[in-house]
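Let's start with one chain on its own, the form predicted on its own, as structure tokens.
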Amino acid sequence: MVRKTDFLVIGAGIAGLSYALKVAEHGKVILISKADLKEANTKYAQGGIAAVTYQPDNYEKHIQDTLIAGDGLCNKEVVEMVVREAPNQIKQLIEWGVKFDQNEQGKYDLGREGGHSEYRVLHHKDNTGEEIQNSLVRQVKAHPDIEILEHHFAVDIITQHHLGKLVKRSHKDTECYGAYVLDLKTDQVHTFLSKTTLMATGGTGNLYDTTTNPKIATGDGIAMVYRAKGVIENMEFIQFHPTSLYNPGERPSFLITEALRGFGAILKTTDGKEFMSKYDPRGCLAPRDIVARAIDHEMKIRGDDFVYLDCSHLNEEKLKEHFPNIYQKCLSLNIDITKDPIPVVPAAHYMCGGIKVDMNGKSSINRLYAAGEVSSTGLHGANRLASNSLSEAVVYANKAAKESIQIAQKVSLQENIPEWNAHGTTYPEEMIMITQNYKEVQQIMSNYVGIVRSNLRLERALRRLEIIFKETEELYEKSVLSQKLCELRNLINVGYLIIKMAKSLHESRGLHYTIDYPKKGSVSEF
């Protein structure tokens, strides 16, 4: 079956939904989601969305905080653009029904997180992402020109090579004509043709054993664009959130928002000693890369499985009011955060690299845009400043929408695209191979490509991943497609990119910390 549209949106988080709402005023939109529409990385964002709102905060402070966190690798022009345009895009979210907490004076109740010099994080309790996701889903479902297809999985984007045309490695002439999409309910692959396509598939946290990301975060968009010869960059910069709830067996790991540390919670060892002050003068509010490495180091030298986050000294009523979901979650595990410390561990949380895009969200492949975590804009550099990601997503969705509308008015749909060829494929006899390789990939990445790395660990990871890659490609060539098989293939592609880019960076920078090239002036304990 062939489906045609003006705008194809792959992914249903804040970037995909806000883009869809804007381009839908200028043409037909098909929005595909591999799960239910409400299930996206956005939903799991607790802390909030960062933007300059009131004095004494100003654009320059937000810009400098972002540049400092990014450890010298941010694109300053991009940082300035996102910081200055974020407030207007947040106003748009509010118009779409998103509600942010206000204080008794009727002003927005701003939070502060690690790396921020001012209170500038707008939030809704401790479930900001869910509030945003639900509000945007309501708007999208009500729009007559947006067709929503849930439980549809994008397998590959369509480019010239599907027409039998060679595409040079320069990328400059490559064009995206849509995507091959697997209907997960019928197991049929359909051809979706579009004038422009937005990739908004989110991150890749499921490469690791411990992650705050939902199970759908398997690097699909990055892998698709890589296979289409698009430019991917900065994949070595994987952000581990310093504080996920230590609860073995739970997946995804429950996030303990950084806003709790901004509220005054203190990190301590299991014997009750504060430790962040010896790693950074900013203590518990140092940028995430520093805090995650400090926790990782303390756990290793002490042989502990976790550290504690202590809130017991904070106002009990305000703590419950601001963090109701964390309070209830911990209480379900017999942890009363007003009295008991919370056991926490770092968890894979956010991909700072991804599909390289320009300042309008355009990738190296013509007619293909990317926004949100799947993209690499230059905003985050080597380390994302807390709560900048949602701001980036709405700003770039807006920029991409504006250019997509112009492009859609100029180009025609590419016809004569061959349908998906499933000839000779069968259902794999041993699904256990997929499950086992999936687990092994996670073990490889967690053991060798985690918070602290080395040349030896990276080389070992690469050798082991290559074996799994060959096995999986053989299985893919002869098997009927399944979501699990496609996700495994994508994770392997993304894992390979992370390892290769980490191996090529011969210094410790931001989230990439290697014992073979320790950073000058860093704390010796690392």
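Numbering starts at 1 and follows the sequence shown. Given the structure is predicted, the values throughout are model-derived calculations rather than measurements.
The discussion below concerns the form predicted in complex with a small molecule, not included here.
Notebook entry, point to check: Does the small molecule get within 4.5 angstroms of any non-hydrogen atom of Glu258 in the model of the complex?
Noted result: Because a heavy atom of Glu258 falls inside 4.5 Å of the small molecule in the model of the complex, the answer is yes.
My question is simply whether Leu207 lines the interface with the small molecule in the model of the complex - judged by any non-hydrogen atom within 4.5 Å. Close contact is absent here: in the model of the complex, Leu207 is far from the small molecule, nothing within 4.5 Å, heavy atoms only.
| message | How about Gly70 - does it come within 4.5 Å of the small molecule in the model of the complex, if we only consider non-hydrogen atoms? | response | No, Gly70 sits far enough from the small molecule in the model of the complex that none of its heavy atoms falls within 4.5 Å.
Would you please decide whether Ser387 lies within 4.5 angstroms of the small molecule in the model of the complex, comparing each non-hydrogen atom pair? Looking in the model of the complex, residue contacts with the small molecule include Ser387, since a heavy atom lies within 4.5 Å.
Pick from 58-66, 45-53, 461-469, 497-505: which stretch has non-hydrogen atoms within 4.5 Å of the small molecule in the model of the complex? Every other range fails; the passing one is 45-53.
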